[in-house]
Structure formats: structure tokens, C-alpha cells
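Shown here is one chain on its own, the form predicted on its own, set out as C-alpha cells.
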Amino acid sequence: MSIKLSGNKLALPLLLLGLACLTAACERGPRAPQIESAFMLPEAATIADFNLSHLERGSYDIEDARGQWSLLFFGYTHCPDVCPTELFMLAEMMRGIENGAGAGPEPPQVVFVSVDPERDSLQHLQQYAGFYHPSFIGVTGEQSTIDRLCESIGVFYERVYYRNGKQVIPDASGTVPAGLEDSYLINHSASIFLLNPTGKLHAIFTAPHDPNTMIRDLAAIQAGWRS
């Protein structure tokens, strides 16, 4: 494209001014939030529909996740290390948000999803989650529903059985050796998944986690999303 200048002496200065304004406008365009520890999805992703159970609410589904920011963490109450560590960290994060001066992020709903519905009753699950912070909720459901949600979000977990301190691998059919049905641990990922107020997967916080870093990242993500 060619630009034809008239004899007006102001034409060139005005053209240059216009180009400068155009460049400045481009520079002021939307920018990705500056985050330290989260992986931001290029576009928020729709996750599998789910209907889990909660002690007091009765159910917890995708509609419950809408209208607020939610942090989902997957684990189980018999976990010897990862779950207590991560839930304590999330509690520290929540207390940091609550004790802030108002410039921090909107407090998210922390949801502890048990991948072990056989052993985690709803009452025990809520007591476990609420021990770390009163706002935390614990949910679980049918194993098939949990598996579908985990696959949709990208959560890894597997049962590991032991006999006399040695790991026992189930056969190809998945049959558990007799007598070991209840003697398992669950290996699972330590990632924390952020859903935005539309109920879509927005970002993933991979381990290791730091409560103060998460607070800053949540504030940046929320501010960028609102704009």
C-alpha cells in the first residue's frame, strides 16, 4: 500500500504522529500476567462434567465451581506425606490472603478431591480437609467419575500394593493379590489446578509450591482475567 502526501506542510508531522500513536496503542495492548510458578493455559479449557459428593452440600459439580475461583487438589486422607504438606501450604496461602491489606487476590475455594472413595468417607474427608482450614471442602464420588475428571484435567494416580515391605504388582487383568485388597498406598501428582469463575481450567501450579508465590500469581492471574 502506498501513502500519498499532499502539499500541506502539516501532513508529514501528522502522519508521523499518527504512526507514533498507533505504535503506542499496540504497546499498551493486553499482556499476559507476570507469573512465577503457574503454567497458564493458552486458552482456558473445558473439563469433563462431574458430580461428586460433599458431606454438607450433598453434591459438588461444575455448577458449584462457577462464580468463583477454585483450586483443586487430588489426593487421599491416608496419604503419608504429599497431601499433608500441600494442604498445609494451601492453608498458609489462605491465611496470607485473609491477613492481606485488600490488595491481594480474591480468596479461592480450595477443594480436596479424594481419589480413594473406598476408604474416605464423606465425614472423615471433610474433617480432614477442614482441619487445615475451615473453608476447605473435601469431595469424592464414584471411581469412574473421579477417573474421568482426572483424565480430563491431567491428574496422575495409581494404587501401589505391598507385602512384607515389597511392592506387589497386580497381574495384567488388574486383579489384586488375595489379602492385599486394603494394604495399598496411592502414588499421585502434587499439582494444584486453578479453575476460573466460568468453571474452566485456567492454570496449573506444579510442585514445589510456596504460599507467598501462589498469592502473587493468583493476584496477577485474577487481575489479568478481569481486564
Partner chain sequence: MKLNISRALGTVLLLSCAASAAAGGLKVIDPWVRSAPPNAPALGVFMTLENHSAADRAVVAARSSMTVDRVELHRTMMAGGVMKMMPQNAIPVASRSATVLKPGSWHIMLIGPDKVPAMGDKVRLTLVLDDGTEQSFEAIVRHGEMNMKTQDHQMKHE
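Residue numbers count along the first chain shown, from 1. Bear in mind that the values here come from a model prediction, so they are computed numbers and not experimental data.
Omitted from view is the form predicted together with the partner chain, to which the following refers.
Relative to the partner chain in the predicted complex, residues Tyr162, Pro211 and Arg216 are all within 4.5 Å by at least one heavy atom. Screening 183-191, 196-204, 64-72, 39-47 for residues having heavy atoms within 4.5 Å of the partner chain in the predicted complex returns a single hit, 183-191. Among heavy atoms of Ser135, none comes within 4.5 Å of the partner chain in the predicted complex. Proximity of Thr77 to the partner chain in the predicted complex: non-hydrogen atoms within 4.5 Å are present.
Contact between Phe112 and the partner chain in the predicted complex is not found at the 4.5 Å heavy atom cutoff. In the predicted complex, the partner chain sits within 4.5 Å of a heavy atom of Met89.
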